[in-house]
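Next up is one chain by itself, shown in structure tokens, the form predicted alone.
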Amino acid sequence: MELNERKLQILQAIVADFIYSAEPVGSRTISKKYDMGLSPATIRNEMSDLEEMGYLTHPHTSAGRVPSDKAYRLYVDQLMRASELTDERKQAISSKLSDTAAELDRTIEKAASLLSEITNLVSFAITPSGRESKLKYVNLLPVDERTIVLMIVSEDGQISNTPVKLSCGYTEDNLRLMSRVMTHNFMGKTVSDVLTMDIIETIKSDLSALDKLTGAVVPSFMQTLEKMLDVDLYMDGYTNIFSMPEYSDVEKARNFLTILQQKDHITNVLVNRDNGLIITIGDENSELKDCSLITADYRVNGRLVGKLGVIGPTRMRYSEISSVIRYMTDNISKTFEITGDNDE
């Protein structure tokens, strides 16, 4: 049986209507809403063919049809119309993200929250291992007589602040000197490279007068770098699922939340997804077979930094959500693009 132009037109209308109504779609609905020049009887015959071909399913309690995973895949790949965000919407997104533009981690967390708010879905953002992150500068900041803060800033915008308790006193001149020496020795090197170095030996000749301070700071410096190797997962919008017809069944909603709470598993799934804007639907998602995932990666100066996306039912506003995610990841990439030298 051939999937001809008329069948494609009818299928596109059914998918679009069901995405927004969440109600099974009948032939009369298509005939009234969409000017195809076809009678309800003709549309009904074509719908029967589409069901036989696996593109539609027929709920027992309704005369209408609903799209299958196969239909959503065809819709996303061939039938979906591109959705362009308005200038006003772009400005609103940019404005909210710019509030945290000084720190990558905070911006990513904000992006996940904002994405959930816009899409009414569960959103997530991941920052992959900082193994290839290059250090931009190191700073030591005074707090009190026995406490300082070790600040490490990477070229891709990650900022780590670690309190360090000292057994010795210090002067602000000593902190500035040590900050300069560490920045000079480690600037431009990746986290993984620095962790393989003999850090004390590297800076010893420059800091021979600061042995006690060096001995206190270096272990914290190494521990902070090791933490930068971890993958962070931010998720938001769990409660959104309770407003979706697909999760009106409490047990189904509970099962969905149980899967999302397996953070290590979810992180592994997301980290191993392909780069670019990726949409996976239903059975393509392994344990998340009743769901769709949309992800896009964000980069700093061309280097992959992380991914942003949503998870929800297969009945999802694919075009609109894809446009929002693409704009947000492009915005993050541009915000943290390195265009100048360190001012420190």
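From 1 onward, residues are counted along the sequence shown. These figures come from a predicted structure and were not determined experimentally. For the two forms, the rigid core is made up of the largest set of C-alpha atoms that agree within 1.5 Å on superposition.
This protein has a second form, the form predicted together with a further copy of the same chain, left out of what is shown; the following refers to that one.
Visitor: Tell me, out of 93, 80, 222, 151, which residue has a non-hydrogen atom within 4.5 angstroms of a further copy of the same chain in the predicted bound form.
Guide: When a further copy of the same chain is considered in the predicted bound form, the option within 4.5 Å is 151.
Visitor: Using a 4.5 Å cut on heavy atoms, which of 163, 245, 215, 188 is close to a further copy of the same chain in the predicted bound form?
Guide: The residue from 163, 245, 215, 188 that makes the contact is 163.
Visitor: 16, 44 and 51 - do all three of these have some heavy atom no more than 4.5 Å from a further copy of the same chain in the predicted bound form?
Guide: Not a single listed residue reaches a further copy of the same chain in the predicted bound form, so no.
Visitor: What stretch, of 254-262, 85-93, 188-196, 119-127, brings heavy atoms to within 4.5 Å of a further copy of the same chain in the predicted bound form?
Guide: Heavy atoms within 4.5 Å of a further copy of the same chain in the predicted bound form occur in 254-262.
Visitor: Does the 4.5 Å heavy atom contact test between residue 268 and a further copy of the same chain in the predicted bound form come out positive?
Guide: No, residue 268 sits far enough from a further copy of the same chain in the predicted bound form that none of its heavy atoms falls within 4.5 Å.
Visitor: Examine residue 106 and determine whether its closest non-hydrogen atom to a further copy of the same chain in the predicted bound form is within 4.5 angstroms.
Guide: Looking in the predicted bound form, residue contacts with a further copy of the same chain include residue 106, since a heavy atom lies within 4.5 Å.
Visitor: Please determine whether residue 110 contacts a further copy of the same chain in the predicted bound form, using a 4.5 Å cut-off between heavy atoms.
Guide: No, residue 110 stays farther than 4.5 Å from a further copy of the same chain in the predicted bound form.
Visitor: According to a 4.5 angstroms non-hydrogen atom cut-off, is residue 250 in contact with a further copy of the same chain in the predicted bound form?
Guide: Taking the distances in the predicted bound form, the answer for residue 250 is yes, it comes within 4.5 Å of a further copy of the same chain.
Visitor: At a 2 Å cut-off on C-alpha positions, does residue 79 qualify as shifted between the shown form and the other one after fitting the rigid core?
Guide: It does not reach a 2 Å shift.
Visitor: Given a core-based superposition, decide whether the C-alpha of residue 244 shifts by 2 Å or more between the shown form and the other one.
Guide: Shift at residue 244: below 2 Å after core fit.
Visitor: Is residue 48 among the residues whose Cα moves by 2 Å or more between the shown form and the other one after superposition of the rigid core?
Guide: Result for residue 48: no, shift under 2 Å.
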